[in-house]
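Only one chain comes next, encoded as structure tokens, the form predicted alone.
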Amino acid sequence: MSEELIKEYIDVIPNSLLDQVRKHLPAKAKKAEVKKILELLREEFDNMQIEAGECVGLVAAESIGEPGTQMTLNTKHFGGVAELQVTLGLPRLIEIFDGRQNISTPMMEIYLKNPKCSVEEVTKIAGKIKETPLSELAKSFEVNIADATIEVELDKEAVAQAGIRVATIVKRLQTGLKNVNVKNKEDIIFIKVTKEGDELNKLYAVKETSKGVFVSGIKGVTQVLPVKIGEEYVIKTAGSNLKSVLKMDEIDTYKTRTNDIFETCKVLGLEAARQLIIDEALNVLETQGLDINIRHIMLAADTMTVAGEIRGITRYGIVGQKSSVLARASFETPIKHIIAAAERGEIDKLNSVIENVMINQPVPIGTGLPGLRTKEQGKGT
């Protein structure tokens, strides 16, 4: 009975709200009660909608800008580990809305398919994720001048934790170093320089280079930290490589996320990037104790992504894409925009707010939106 009533409101109330009604509606609810709930919901939804001509951009700019002036410059550390940190406060908000491709502290939150993993299992998975150079898997590096080789003694425990075979390490050393021949015997790797030259200098140069060769993990993830949130472990990382992490069998691909908006767009698409802009901005504001209606953030996210790509709110992003010459000139570098428009013969149709304010005309919002016309009667009528 309740489902039939709900169906009557499909074109009146958004489906997401109707789904919430279905979810929370008591099983024994009477028809009159369900009807009253739906009517109250419809009335609430109608009242929250924006009036035609409302200047939503200005309201959003005021709502975000005023609390934004109270924000602090803040960098938060995780668990006292200096290597794992994420930029918050005003610098992070600027990164988000400027649409910066290279953010200062990229990070990921990696969820596991099995939320009840033991500490040992989580640590092992974290070891497989972390980008590991040879120096972190080796006990010692020794130069054998007589045989012109470098002997690398591996740390068995570190190799096991990284979840990598010695043969794979040898293969990656062979690929990562030039003019060398790499072999292994038990837990010792022998690196022999094959190209002739100043043997001693070359040996020491290869020794130092070999320490930084990537041998296991995922490139770009420089640090990992398992953290218990509620009943499950989450692996927080410094550095991000979402595409590679999502390929791992142990990872929950639905919940794992990165704070890099452009990487999210590339891997998961524009809709996911739009949602990340909203989530990241709200996270920054909530951390600062600021309460801003989510609709203002959503409007900013929509504006940044409406063109089918991410554009920052800068003169190179959405401001530079405005059709109005005067609107572009009002932001920064006015002479440059005006001269460029004159060269192209552009015409400003004065359809928006900024350009009408500049020339002292009524702005096309609110009561300034509709136009009035009068019919002139012909003579003799």
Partner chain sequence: MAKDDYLDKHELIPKHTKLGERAVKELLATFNISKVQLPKILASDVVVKNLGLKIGDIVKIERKSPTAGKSTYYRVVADG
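The shown structure was predicted, so the numbers you read here are calculated from the model rather than taken from an experiment. Superpose the two forms; the largest set of C-alphas matching within 1.5 Å is the rigid core. Positions refer to the first chain, counted from 1.
The same protein also has a form predicted together with the partner chain, omitted here; what follows describes it.
Q: Any idea which of 209 to 217, 269 to 277, 148 to 156, 93 to 101 reaches within 4.5 Å of the partner chain in the model of the complex, heavy atoms considered?
A: Contact-bearing stretch, as computed: 269 to 277.
Q: Pick from R165, K171, K255, K183: which residue has any heavy atom within 4.5 angstroms of the partner chain in the model of the complex?
A: Looking at R165, K171, K255, K183 one by one, just K255 meets the 4.5 Å heavy-atom criterion.
Q: Since exactly one of V143, A160, I294, A205 fits, which has a heavy atom within 4.5 Å of the partner chain in the model of the complex?
A: If I apply the 4.5 Å criterion carefully, the residue I get is I294.
Q: Is the gap between G308 and the partner chain in the model of the complex 4.5 Å or less for some heavy atom pair?
A: Flag for G308 set to yes.
Q: Looking at the partner-bound form in the model of the complex, is L290 within 4.5 Å of the partner chain by any heavy atom?
A: Close contact is absent here: in the model of the complex, L290 is far from the partner chain, nothing within 4.5 Å, heavy atoms only.
Q: Just to confirm, L200 within 4.5 Å of the partner chain in the model of the complex by heavy atoms?
A: The answer is no: L200 has no heavy atom within 4.5 Å of the partner chain.
Q: Does K113 reach the partner chain in the model of the complex, with heavy atoms at most 4.5 Å apart?
A: Heavy-atom contact with the partner chain at 4.5 Å: present for K113.
Q: Decide if the three candidate residues A52, T69 and S352 all line the partner chain in the model of the complex, where lining means a heavy atom within 4.5 Å.
A: Not one of the three qualifies.
Q: Once the core is aligned, does F331 move its Cα by at least 2 Å between the shown form and the other one?
A: Not so; F331 is displaced by less than 2 Å.
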